[in-house]
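As C-alpha cells, one chain now follows by itself in the form predicted on its own.
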Amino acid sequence: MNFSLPSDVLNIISRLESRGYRADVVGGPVRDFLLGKTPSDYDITTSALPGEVKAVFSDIKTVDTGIKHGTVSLIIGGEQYEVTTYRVDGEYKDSRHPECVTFTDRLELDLSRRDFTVNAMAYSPRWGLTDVFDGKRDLDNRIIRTVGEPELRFTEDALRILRGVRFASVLGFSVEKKTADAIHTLAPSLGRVSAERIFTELKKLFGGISAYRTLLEFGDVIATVIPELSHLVLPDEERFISADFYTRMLSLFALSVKSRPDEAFSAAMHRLKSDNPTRRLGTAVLSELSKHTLDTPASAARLLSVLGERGALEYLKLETLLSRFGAKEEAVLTLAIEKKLPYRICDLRVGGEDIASLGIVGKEIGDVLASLLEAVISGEVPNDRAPLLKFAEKLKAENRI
C-alpha cells in the first residue's frame, strides 16, 4: 500500500526520521486515502517531543498552536502542518478536554485515545499502514465504531457523540450497535459542548450523503441539541437528497414546527451561535412560507420585493423541497431575475426628487414611491417616468397619500 503524499508532508516525515524519530500521517487523511479521496489537510504524529520537533525544523517558521498538548505547527510554503507528539490523555472532567496529557514513545498508545476506528490509523512510506483497531476493516464494511468501549469514549468527550452521527451521514456508513446504543443513551451530555462546535457538526451532518437515513435513526440526538425539532418530520426523501444542507435544515423546521417555524429557527440559530446572515435569511424565508405563488411575473416581483433575490431563490428551493413548487415556478422566478423586473423602490424610473417636484414633501414622498412600486408590480402602471409621475399626481389629487 503506497499513498501519494504531498512533497512537503514527505519532507516533514523524512527529516524527523533522519534524526531518529518516527513520524506518520494520522487520522482523517489516512481514512480519506483508503476511501479514494484527496485529503484536505494532513496531521502528522511523531515520537519526537515538541522541543525536538522545533529543533529539527529550526530553519522554518513554527507556531506553538498547542504545545502543552504536544502540537507544533510548521509553516511551509504558506501551508500549515500540525505535528503532534504521541500522547496519552489524562482524566476528562468536563466531558470535553483532558486535564493533562502524557507524552509517550508508542504510536499504539496514541492511536488508542482516538474516537473511531476509521480515524485511528497511521501511515508512513517506511512503516506502511498501522491499523491496530481494524479501522480498514470497518471502512470496508462501512461501519462507524468507537475505539474501545463506546461509553468511555463518549463520556471522555461528549462531542464525539455528534461526530459519530456526522460521520455516518457524511460517509454513508452505519453505526455499530454498541456505539449506536451509547449515542442514544449519552446524547443528553451534548449539553456540555459549546454551541459553536455543535453547529459546525450539524452543518456537516445535514449536508451528508446519508443525512436522511441518519436523521431517521438519530432524531433523538438532533432533538437534544435542537429541541425545536423534538417532533422531527422529514420531507420526501428524493427531494431531500437533491437539496443542499441549508434548504434541508429549513425544511426540518418547516415540517416539524407547527406554529411559527420562523421564530423556532431564529431561536435555535441564536442558541447555536450561528452567523447573523444564516439566521436572518432562514427566518425571513420561513416567515413567508406558503404565502406566495409563482405563476406570473407580478407574483415573482412581489416575492422579490419581500425577500430580495437571495431570499426568493432560497424560498423557491424550500417550497420545491416541500413539493409545493416545481419547474414552472422556477422558470417564472428565473425569468423575472434575468429580465430585472422592478421590485425595489430604487428600480423605479423616478426618484424622491421627482416626487418632491410635484409638491409632495416629507414622509409622503416615501409613501408615494411605495405605492408606485406596488402599482408597477401589479401591472397597473408601466415603469416609465411619464406614467409614473402621472400616477403620483393622481394619488395626490385623490388624497391617497
Ligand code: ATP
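Bear in mind that the values here come from a model prediction, so they are computed numbers and not experimental data. When you see a residue number, it is the position in the sequence shown, counting from 1.
Not on display, but discussed next: the form predicted together with the ligand.
Although the partner is absent here, R248 is not a contact residue: none of its heavy atoms lies within 4.5 angstroms of the ligand in the predicted bound form. The ligand is not drawn, but in the predicted bound form it has a heavy atom within 4.5 Å of R113.
In the predicted bound form, none of the heavy atoms of P342 sits within 4.5 Å of a heavy atom of the ligand. Although the partner is absent here, G70 sits far enough away that none of its heavy atoms falls within 4.5 Å of the ligand in the predicted bound form. Residue heavy atoms within 4.5 Å of the ligand in the predicted bound form occur in exactly one stretch of 255-263, 155-163, 324-332, 210-218, and that stretch is 155-163. This chain appears without its partner; in the predicted bound form, the one residue of K204, K136, R279, R302 with a heavy atom within 4.5 Å of the ligand is K204. The contact residue chosen from S174, N119, S274, S189 relative to the ligand in the predicted bound form is N119, the criterion being a non-hydrogen atom within 4.5 angstroms. For the stretch 16-30, the set of residues having any non-hydrogen atom within 4.5 angstroms of the ligand in the predicted bound form comprises G27, G28, in sequence order.
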